[in-house]
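The form predicted on its own is given below as one chain in structure tokens.
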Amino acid sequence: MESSIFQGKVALITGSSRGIGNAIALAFARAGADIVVNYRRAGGSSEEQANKVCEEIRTMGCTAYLVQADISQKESVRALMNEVSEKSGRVDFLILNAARTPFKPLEKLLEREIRQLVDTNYIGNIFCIQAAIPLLEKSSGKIVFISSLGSRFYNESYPLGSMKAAMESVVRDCAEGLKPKKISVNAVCGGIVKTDSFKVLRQLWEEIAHIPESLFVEPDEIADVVMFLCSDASRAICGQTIVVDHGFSNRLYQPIQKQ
């Protein structure tokens, strides 16, 4: 990606203090964009990591705005967009990356866990889209949702998958609904990415130990496709979910790698 391709533009990445969101924020910065780094809870490790991301972005010569917001709360999202508007005056790219989930079967979820699952991973993303529309319309901006293979494959300890599937439908619908405003909407469906959540998933999914190393996806590989979808090269892509998984989902059976 050309180093100055997004110079003068602003990218807002929800949940960008760590993992895939972190990689996306740094990729945009390398391409010259100013970055809004969002984290959910004030204090603690998320804020500390978000500050480190901002420091790294500033060393690249880009502006980094650190904004705390819990996207599951409408007023928090509204405050987020107001702060971004006041500080930068624009948003060109909205990357919906923030996610929260308990790792347990759907049938065993407590009511508060179900509400958290829906409020953050579905309603919260819609709040973000709604609040960002006025800014994105001015810049003919782009929205990219970060999905996962849980949207199409069953894993008993990954209830987030149903929310990812629902959001892929939202991507399709918003792509058509926002087309008159010249706002592009697409998604990236990542394969098995080694982030913080992977550490938990590995404890719950025994078969993961038999997956060849070549089929794991790096956060930077997700970021590369996000960058493509935000570039002019993707101008003919509308309402699509691009799978980035090294071909992991192409076959029902993957041979066990010999040690």
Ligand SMILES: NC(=O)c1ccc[n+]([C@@H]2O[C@H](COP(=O)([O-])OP(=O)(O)OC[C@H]3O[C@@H](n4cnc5c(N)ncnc54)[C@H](OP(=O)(O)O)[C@@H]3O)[C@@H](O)[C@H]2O)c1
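Owing to the predicted nature of the structure, the values given are computational and were not obtained by experimental measurement. One rule holds for the numbers: they count along the sequence shown, beginning at 1.
Quick note: we don't show the form predicted together with the ligand, though the next part is all about it.
Considering the ligand in the model of the complex, the lone stretch of 140 to 148, 82 to 90, 172 to 180, 104 to 112 in range is 140 to 148 [heavy atom distance within 4.5 Å]. Though the partner is left out of this view, S72 does reach within 4.5 Å of the ligand in the model of the complex, counting heavy atoms only.
In the model of the complex, the ligand lies farther than 4.5 Å from every heavy atom of K9. Though the partner is left out of this view, R40 does reach within 4.5 Å of the ligand in the model of the complex, counting heavy atoms only. Taking the partner from elsewhere, T195 is found to have a heavy atom lying within 4.5 Å of the ligand in the model of the complex. Proximity to the ligand in the model of the complex, defined as a heavy atom within 4.5 Å, holds among I123, L160, L135, I129 only for L160.
Residues N97, A98, A99, R100 are the members of 85 to 113 with a non-hydrogen atom no more than 4.5 angstroms from the ligand in the model of the complex.
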